[in-house]
Each structure stands twice: as C-alpha cells, then as structure tokens.
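In the block that follows, a single chain appears as structure tokens, in the form predicted on its own.
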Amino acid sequence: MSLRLPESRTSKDALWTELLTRGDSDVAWRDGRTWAYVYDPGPDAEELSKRAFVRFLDVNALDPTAFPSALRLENEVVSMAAQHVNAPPGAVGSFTSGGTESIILAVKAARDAWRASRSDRTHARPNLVLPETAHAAFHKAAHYLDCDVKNVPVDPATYRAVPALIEDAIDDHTCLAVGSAPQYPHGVIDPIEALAAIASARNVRFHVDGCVGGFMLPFWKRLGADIPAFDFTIPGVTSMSIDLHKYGFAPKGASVILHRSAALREHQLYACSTWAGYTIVNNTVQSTRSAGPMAAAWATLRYLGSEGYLELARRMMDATARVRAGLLAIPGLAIMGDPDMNMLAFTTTDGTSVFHIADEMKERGWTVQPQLSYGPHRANIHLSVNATAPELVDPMLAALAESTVAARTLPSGHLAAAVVSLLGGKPSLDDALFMQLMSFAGVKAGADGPTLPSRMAGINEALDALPPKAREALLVKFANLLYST
C-alpha cells in the first residue's frame, strides 16, 4: 500500500463518505450473528457511550493536575469496579486500555516487588506460575518484562487449574501465581480459593484474571447461578483485572487493574527524572491517554446500573442454557468441561474438522471462533453468548447442525500434511520457505496486502498440525506481511 499525505485539504463530506464504506468488509456484528469478539448492550447504551467518548476524546489523562476531570472519571470507574468485586477499604486501581495492559501492569508490579525484596538478586529472572488455560497476555507480559513462565497442566476433564500442580510449580523465584474467573478457552472458573491460599502460604502474589467475565459473574450469582468465590472476599487475592469493554459492555479500550492496597500497587507505577523534559510519572503503560474511554465506561456503568446488568445477565443465562442443550442434541458434538458463564467451547466426537464447521457457519452468515489444539486439548469452537442471543439461539443451532453435517463430507488434512512435510523439522523459517507455504495455503498477494482464502479450514488444520513454536513463527511472518507498510 502506498498513500501519501494529500497536497490539499480533503472535504469533510468526502472523508466521512469514505470512512462509512471502510467497514463494509468487517463482521456485521449488530445483527447478533457474531458469537465472538464483540459485546453488545443494545443501541441505547451504545449511543450514550459514544457521546461520552467524544465529549472527552481530547482530554489528556497524562497530567491529572491539568485535567482533573480525567482523574475524577478514572477514580470513579475504578471505585465502582472495586466495590463490585468486594475490594476492601484501601483498595486501589488504574484504568487501562484493555485486559492485556491490565495484565502487564499486574506482572510488572509483582516482578518489581519481587526484585525489591531480594537486593542480592536484583537482576535475577522471576517466574509466573500459570495454568495452561491462562490468557496469552500473561505470556506476552513475561516476554516483555523478562520473566520466565511455568505453564502448568490443568485437569483434562474439567479444564480447571489443579491446586497441587500449581503448588509444586511455585518456587523461590515465583513473583506471581494466576487463576482465571473464568478462563477464556472453556469458560470455567479455576479453584480460586485453593490457589490463593497456596500462593499466600508461600508469600507469593496471586492475581485473578477476571478480564472476560469478572464483572458479570456477580450478577449471575445474584440470579442463582452456582458461582464459586473468586474475588477480594478471598484473603490471598492480591490483584484482579476486569475488562469493562467485555461484559461491562463499555466501548473498546476500557479495563481496570485492581490491587488490594496502595502498597501493592506502588511497583506498578513508573517515574522518570533522568531527562531534560517535563516530569514523568505514569500509573499505566501509556503516558498520553485519551479520557474518552474512561468517560464512555463511566457512562455505561451508570446508565445500566445493577438493574440493567441483571437484565442482560438474565438474557445471557437463559440463552446459554438453550445453547448448551441444543449443542448436546447435535450428533457428534460435545461441550468441553462444565462452563460457569456464557462462554463455552465444543468439539467433535467423530473426527469431523471443527475448522470446516466454522467455515460452513460463515457460509450461512454466522461468525464463530475456532481454537487450535494445545497438548491434550483438542481443537474446538468457542462461543460467547451475547445479550442479543435469545432471539437467535434457534436459527444459530439450526445452522450449526447443518454445518456439522456438511463438514463431515469435506476432506481434511491435505494442506496440513504438505506443510508439515515441507517444514521437515527445520529449526527456522526463512522468507523463501514462508512464501512457498503461503502459496500452498492459497494466500494471494494484493495491493493492500495478502488476501486470505474465503475458507480457512485448510490453513487452520495446517497450523493445528504444527508444534506451537512453529505456529508462532508462521504467524509472526504472516503478520509482518499483513501490515504491509
């Protein structure tokens, strides 16, 4: 792609017309047929949050003394989130751009505190103890922050963390242990009480990743769901991350990181005086931050209130029960584990490719999310059941039943076998080999970057057949090609 800055102004009308067409190829999520990626509270809440976002778009949260409105918004959003998950008096937090940033900050705080407590080992590498279902953002944080990862197997039937295995993995270099409420792949809650007690006994910080569902779980509990303890009512929980742009239904760019005390948060912060410019002190990874997402989250939380969230939770709970029953009635499909919320994963019991099922669903106008296998965990399809789902459960299940039947007739594994053969255990992936693989996969070069084939089953099957590190190498090469300028 080659686009130069125009020599003359472009009219507002022309720009707006162009922008309106830019989304024509995006997933049309407002029709409710996208069961991943988006979280839709309905048009009224969406319209209000956008107005709030625009009102504070140009307010810079870099300096709270210059923009006290941003500071107040942040403190009030954090307060609502903290009280919602039973944080004790004195608990503190920060507003972030998303779950990944919240998790990076939790890891930074734990890493720096660990190093500060060991003056003779300032440059030692601490480790994170993670169930293998913990979000990839923890691995990303470890990569950025020079930590090791101990990736601990989970129970193969329930997909929940196993306390004894987590305990065995913790050592003198562990700065943080993690549990999820719930974990994303299968929608189940780890045994947070047991894990937190183990971490506390070893004087290790314990983080609850509630990014995907931590905000919604209290409402499910109020509606009678059997939700185990997962929040700050458990003494050993030292920090939590909660995304407000997921089931808090705020626009994208809204998450919070919470700490039990200001002392625990202190190592999250960053200050710099070793330069000739203005004073730097940041409570997040970002310096300049638009207050727009804060205002949008603030408006959404207050507009919906407990009453509104309870109604959304009730709709999702009822729809999820119908989805689960419908899935179990489709021959050859099985739900993985016993999901605690409105997220679940299903796989096939007869060898049918879940990647073909995902493609067939796309052909019928539905977007679902395939997940690759990992170790003993089979490839599967993830569903996030939204508040718009109740009216769509029956047609979605009908499309899924048709897609499963159609997928059984389609050939599988040919591209996977060719890719595995071509790689042949090579320790690295050079550009020539990568381009050969792209050609095999049907990826075509274009003026705006590579174009993927309309059906992705072959590519997903090939990725699924490779070891994780080979997958990562391929994906990095592809992303480097995709972002073409």
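Position 1 is the first residue in the sequence shown; the rest follow in order. Not measured: the values here are computed from a predicted model.
We do not show the form predicted in complex with a small molecule, though everything after this point is about it.
Between the options Gly337, Pro218, Pro370, Gly98, the residue in contact with the small molecule in the predicted bound form by a heavy atom within 4.5 angstroms is Gly98. Put simply, of His245, Arg160, Arg260, Lys108 only one has a heavy atom within 4.5 Å of the small molecule in the predicted bound form, and it is His245.
With the small molecule left out of view, the stretch that reaches within 4.5 Å of it through heavy atoms in the predicted bound form is, among 284 to 292, 400 to 408, 228 to 236, 209 to 217, 209 to 217.
Remark: Trp298 does not count among the residues lining the small molecule in the predicted bound form, judged by a heavy atom distance of 4.5 Å or less.
Looking at His84, you'd find every heavy atom of it more than 4.5 angstroms from the small molecule in the predicted bound form.
Remark: Tyr309 does not count among the residues lining the small molecule in the predicted bound form, judged by a heavy atom distance of 4.5 Å or less. Using a 4.5 angstroms threshold between heavy atoms, Tyr184 counts as touching the small molecule in the predicted bound form.
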